[in-house]
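The data below hold one chain only, encoded as structure tokens and taken in the form predicted on its own.
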């Protein structure tokens, strides 16, 4: 029973001291936290904290709207996300998902989440030349499916 009082007292001391235990632990952590690059746009479709927690729900919702209902919008489209968050390699060209610097990969590897988006979708925006050729042939810029 004495240990319960000790723990309770310790918790009260921490709470009353104003110490943010989460921040203190994060600052002392030796675990590397991903620092993905900022997007190219002026602002994301939602605030950063919301997107970090909910981006997959938005992408799944957009997928359902597009695939099942035929509704195509840019707001939560994977293509728009990739265009804004593309990271360039040493050659100045956007890197694919296979590159460790890829925007999506930087966080998904950290949280051990396997992505299957890029089994069908392009993981980098098409070059202007490829996009123009695809457009002339009646294909979307990703080259996945005809419009």
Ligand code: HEC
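Everything numeric here is computed off the predicted structure, so don't read it as measured data. Residue numbers count along the first chain shown, from 1.
Keep in mind the form predicted together with the ligand is missing from the figure; the text below concerns it.
In the predicted bound form, the ligand sits within 4.5 Å of a heavy atom of residue 80.
Heavy atoms of residue 66 reach within 4.5 Å of the ligand in the predicted bound form, making it an interface residue. Taking the partner from elsewhere, residue 40 is found to have a heavy atom lying within 4.5 Å of the ligand in the predicted bound form.
In the predicted bound form, residue 106 approaches the ligand with a heavy atom inside 4.5 Å.
Shown without its partner, the chain has 51, 52, 55, 56, 59, 60, 62, 63 in segment 51-65 as residues with a non-hydrogen atom within 4.5 angstroms of the ligand in the predicted bound form.
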